[in-house]
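Below, in structure tokens: the form predicted alone, a single chain.
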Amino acid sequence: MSNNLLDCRSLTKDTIKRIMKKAANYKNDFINGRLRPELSGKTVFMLFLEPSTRTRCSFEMAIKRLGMIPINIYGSFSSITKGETLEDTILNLSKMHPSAFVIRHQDSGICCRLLDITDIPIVNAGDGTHAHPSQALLDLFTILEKKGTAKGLNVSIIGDILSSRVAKSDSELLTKMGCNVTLFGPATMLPERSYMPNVKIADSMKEAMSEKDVIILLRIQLERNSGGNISSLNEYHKHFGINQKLIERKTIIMHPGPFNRGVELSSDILKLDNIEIFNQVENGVFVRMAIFWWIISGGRKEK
């Protein structure tokens, strides 16, 4: 049995816990030099039709560590430039019988629509402003590593909420696992208060930062024409950026990347012990390995 990873809303708590456990096993095996290529010989098509560094490299590393073969397809070098639709591209590539597709695309909901034309498992690597489930899963994994549990944690997500698929996926996943999630950012970058059940929107930076276990920062989504009502990046940093003085000792700071020094954060915080940004990058490989294990093998029980 195979699965798809399209968003966080459709994941059950049991599935999330199994992915977390498998990712922890992969990380422990890697640290101890006993990583096994469990899916050796299988092939994964990676269609990254939006710019990406961390996510694309992380998926490719995960594929190779499992012994699989990644085949990268870039928009500028594909038949899409000749007028072929993504749907027809997927329809044709499916006849080559890959084990999975990994897709990043600018259109929200595109991965869901592709289910109608292929039975090959799909991993959504980010679609428009809709979802980025693997990022949310690696964020949860990083939180669990540092805090031991998600239940009852107070989490703030600060930045360009309205245009961010990470904000949406993190909110869905973390509330499902028992976190209290608060959102904050410029008024022009905040959704309506009815944006999502069980998610609070703060009225001030002080409220968003105070007594939080986790703070997740987001950059301004300039590629989605966001931030048009921000007078300048310096002004953004002045009112919504963070520095060492704002961070409480117990609070861990996270960011999906790429981060912009001097905008959402000051360079001085990157050397603090409670900065988990680079650990997120490391953990992303192991979480994405676990995702492939789940979608391709059906998450078979460990021997």
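Here the structure is a predicted model, which means the values were calculated and not measured. Residues carry their position along the shown sequence, with the first being 1.
Keep in mind that the form predicted together with a small molecule is not shown, yet the notes after this line are about it.
- Wondering, does T53 line up within 4.5 Å of the small molecule in the predicted complex on heavy atoms? Yes, contact at 4.5 Å.
- Message: Taking the small molecule as it sits in the predicted complex, is P70 in contact with it (heavy atom to heavy atom, 4.5 Å or less)?
- Response: Contact with the small molecule, no.
- Message: Under a 4.5 Å heavy atom criterion, is G262 part of the interface with the small molecule in the predicted complex?
- Response: Taking the distances in the predicted complex, the answer for G262 is no, it never comes within 4.5 Å of the small molecule.
- Task: May I ask you to state whether R104 is within 4.5 Å of the small molecule in the predicted complex, using heavy atom distances?
- Result: Looking in the predicted complex, residue contacts with the small molecule include R104, since a heavy atom lies within 4.5 Å.
- Taking 4.5 Å between heavy atoms as the contact cutoff, choose which of S171, Q135, S164, N124 touches the small molecule in the predicted complex. Here the answer is residue option Q135.
- Can you check 53 to 61, 32 to 40, 235 to 243, 270 to 278 and let me know which stretch has heavy atoms within 4.5 Å of the small molecule in the predicted complex? It is the stretch 53 to 61.
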